[in-house]
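Shown here is one chain on its own, the form predicted on its own, set out as structure tokens.
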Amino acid sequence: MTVRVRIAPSPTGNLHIGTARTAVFNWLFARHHGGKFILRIEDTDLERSRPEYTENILEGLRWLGLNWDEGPFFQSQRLDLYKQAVEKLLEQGLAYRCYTTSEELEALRESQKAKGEAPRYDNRHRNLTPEQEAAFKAEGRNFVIRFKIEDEREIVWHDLVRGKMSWQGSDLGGDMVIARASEAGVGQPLYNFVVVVDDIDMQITHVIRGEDHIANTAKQILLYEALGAKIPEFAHSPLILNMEGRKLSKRDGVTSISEFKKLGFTSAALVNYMTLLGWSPPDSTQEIFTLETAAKEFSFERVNKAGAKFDWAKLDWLNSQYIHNTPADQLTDLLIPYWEEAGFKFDGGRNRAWLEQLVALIGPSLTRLKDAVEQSQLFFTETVEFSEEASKQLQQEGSAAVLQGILTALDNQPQLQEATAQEIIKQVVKAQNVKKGLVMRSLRAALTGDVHGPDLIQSWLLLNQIGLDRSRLSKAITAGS
């Protein structure tokens, strides 16, 4: 048997991290077994589905490296297949036309609520006579298609994550609507039904999804049986929770993959972290791995039943590890879009070689890619504003003199090198008989506008290459006078 799994997002919003984590588990399982990973877009909700959300989903999956083998398939283009399946169930007497009005359904719900009963349809139109149907049609009533669910039926399956699962038919809310009303006949098929028809048609062997679908699974198993199909195996992964133990939502901040990308997380770190949300590798000390490495080890025996708490600190740490281990040339490619979005200009000597030197300087201190904007801003502006501490440093006795000494020494240097930069500092210390600390602190304040920052000599060399060190030294001497 060839393993065939699918990810089936709905284009009613951007790619959510919960959906993406489900995609990761499907991809890992497929690759582990040498199977197929199929992409299906569940766009039957025509009112809420948007093409921009579809594109966001496709782009997000590609960015994460979750390449699919078949698809994308769109449910909106498969309506004839669903309608044929509905007709089949009607012909077999496993489904029927229900003419109950919305007012009648509301009255039923209110009655059940008053009695303290769980809401459920009472199956009142399950056995209508032809005469009753004709009477309802004459009244101008539309109908929905309902699938028969017997209350006494027990639905049992073995879940790859949770073991034996059992549901009673009486707990499924009565006969299930599988298609909406339509004056032209069978209308828009609904989620639980089209999912089953698609999975049968695409020969899905394993359905891997979040635990919030467990109740749907019981209903869908009945539909597989009614359509005469082999029932796939099911695996319901734990939900992603916030640190308080509630389901992760927009109230907790960003939740879509495109938002994580915008914040400066690398795709490798994010997909690595999602792999760990609910699954643990055989070597519990291993935390950093590629998708391909994880696929070799992946199994549902190591997927937890309990919800997986989303830990921002852990994600930040993972992201920093990936950034710090990315070669400067590759990291430069990742950072350029953030610099461009910030409006930084690549002119005045800021060529590719210069950018890679800048990346080598700031890379070790980055946690997120977006941090590069703030940390490199002083290299993309003509002047810098002095912080309070920098201003105090520049006003210290001897500060202006040492900066003037450095500026004078620069006049004899066509282009600064690391060795000559160190030599200039040594000469100024000796000539003016001051401590090296005064020279270094004053130089940093003058060049960067602060008393803290990246390596001073490398920063100086970068500023020298684009001709900003002399002008900043001059401004600092004036500020300290």
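So that there is no doubt, residue numbering starts at 1 and follows the sequence shown. Fair warning: this is a prediction, and the values are worked out from it, not measured in the lab.
Same protein, other form: the form predicted in complex with a small molecule, not shown, and the subject of what follows.
In the predicted bound form, the small molecule lies farther than 4.5 Å from every heavy atom of D450. In the predicted bound form, Q465 stays away from the small molecule, with no heavy atom inside 4.5 Å. Within this chain, A8 lines the site of the small molecule in the predicted bound form, having a heavy atom no more than 4.5 Å away. In the predicted bound form, the small molecule stays beyond 4.5 Å of every heavy atom belonging to R109. When you look in the predicted bound form, the only residue of Y191, W317, W354, F74 with a non-hydrogen atom within 4.5 Å of the small molecule is Y191. The partner is absent here; in the predicted bound form, the one residue of R126, R153, H213, R302 having a heavy atom within 4.5 Å of the small molecule is H213. Of the candidate stretches 407-415, 153-161, 205-213, 321-329, only 205-213 contains residues with a heavy atom within 4.5 Å of the small molecule in the predicted bound form.
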